[in-house]
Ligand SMILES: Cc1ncc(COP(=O)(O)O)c(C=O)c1O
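Just the one chain here, laid out as structure tokens, in the form predicted alone.
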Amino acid sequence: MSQSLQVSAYDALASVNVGPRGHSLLPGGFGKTMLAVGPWSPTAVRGEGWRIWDDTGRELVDLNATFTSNVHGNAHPVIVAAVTRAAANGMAFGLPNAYEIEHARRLVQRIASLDQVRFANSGTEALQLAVRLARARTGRSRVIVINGSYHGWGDSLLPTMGAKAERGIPAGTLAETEVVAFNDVAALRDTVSENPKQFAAILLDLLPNRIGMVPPSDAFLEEAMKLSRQHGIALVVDEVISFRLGYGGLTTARKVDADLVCLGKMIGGGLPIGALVGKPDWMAGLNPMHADVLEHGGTFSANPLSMAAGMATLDLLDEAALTHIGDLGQRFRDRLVEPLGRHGWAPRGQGSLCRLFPAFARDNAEILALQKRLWWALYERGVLVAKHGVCAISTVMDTDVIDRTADLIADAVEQLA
């Protein structure tokens, strides 16, 4: 962090983050762990298109995109208008609303193999619901997750993130989660075959971020599908991040025969949302007309504002828009391959997503430390990415923005080296 930013940090801590009895108002000064880039972080005050401005007046190219959610940039006028219209008629109700039906219709049109939707407030909630639904239907308790995948902060799915993430989770809960090595077909087969009647679900991420946005192999996906069919195990696909990569997400693009698909982020147009999309035989457990229905609530699940924003976002994200951001993403990575490669970094990913990854790092701790240093180097150059190096292209960007930003990233990596 530069000296000027350090001074700003101390000033901010002294004047903003302290409560009436001298304690930090937020634990450590942050409202969520993923925002902790140091002892202090700048504060966003406004966003428009591909730009945001912080509380110091600094203008930034927004490649964070609210952790990939804002696929159409900040304050897109069509989305703002949709939310404004919905809000004028009421923020939320104790009755179903028509927006929920229309949003669900858009999702099942995009994922043609699935027919029913249940909304939640986040991708984490959708994944927790998927696991509980699978357990209820199968009468089994254990789930399989792939090492290095991140499926939100629910207890059942955090063990892939190592010992630090396991703190606070009971040993009995940890014992119900089996972690299988990424892309290890034999390990997946052996794990299931040893006792297939204990597993309720296999969870897959089709572009796992935490291991550097490397897609699983066709052979691994084929084995997961075969095992799930043979043994009545729910195949659950996490597309919270990757759904922006195709009209029907990667589930459709890679022809994955999923039972349940979990969505979030982008489908809410910048507002809180989660969705579980599934086959009717699996989703039947959520039918309130059935005597053995699962209890599922959420006061603000499927609220009109998130539904309206999400519908507008999906309508804007047609095939032409997907081609546009996919081409920009490829241009972005191509422009970075050589300058980053000289210093052992790699621009991994596909479509409109990229992760700036230090391929030479020896362990996860070193990866995180390097990416935090890169975060600050980029921030000082007017570029905002996620602290783990993820960049997300939005439809309001063009080749000029992409080229200028790629050059700034190359310069930052050169400095770090």
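Please read these numbers as outputs of a predicted model, since none were measured by experiment. In case it trips you up, residue 1 is the first one in the sequence shown, and so on.
The form predicted together with the named molecule is left out here; the points below concern that form.
K.L.:
Which one of Q116, Q330, N74, S122 is close to the named molecule in the predicted complex, taking close to mean a heavy atom within 4.5 Å?
P.N.:
The residue in contact is S122.
K.L.:
If you check A302, I325, L127, A308 against the named molecule in the predicted complex, which one has a heavy atom within 4.5 Å?
P.N.:
The residue in contact is L127.
K.L.:
Looking at the named molecule in the predicted complex, do all three of H151, D205 and K265 come within 4.5 Å of it through at least one heavy atom?
P.N.:
Answer is yes for this spot.
K.L.:
Can you say which of 278-286, 174-182, 83-91, 236-244 gets within 4.5 Å of the named molecule in the predicted complex, counting heavy atoms only?
P.N.:
After filtering at 4.5 Å, what remains is 236-244.
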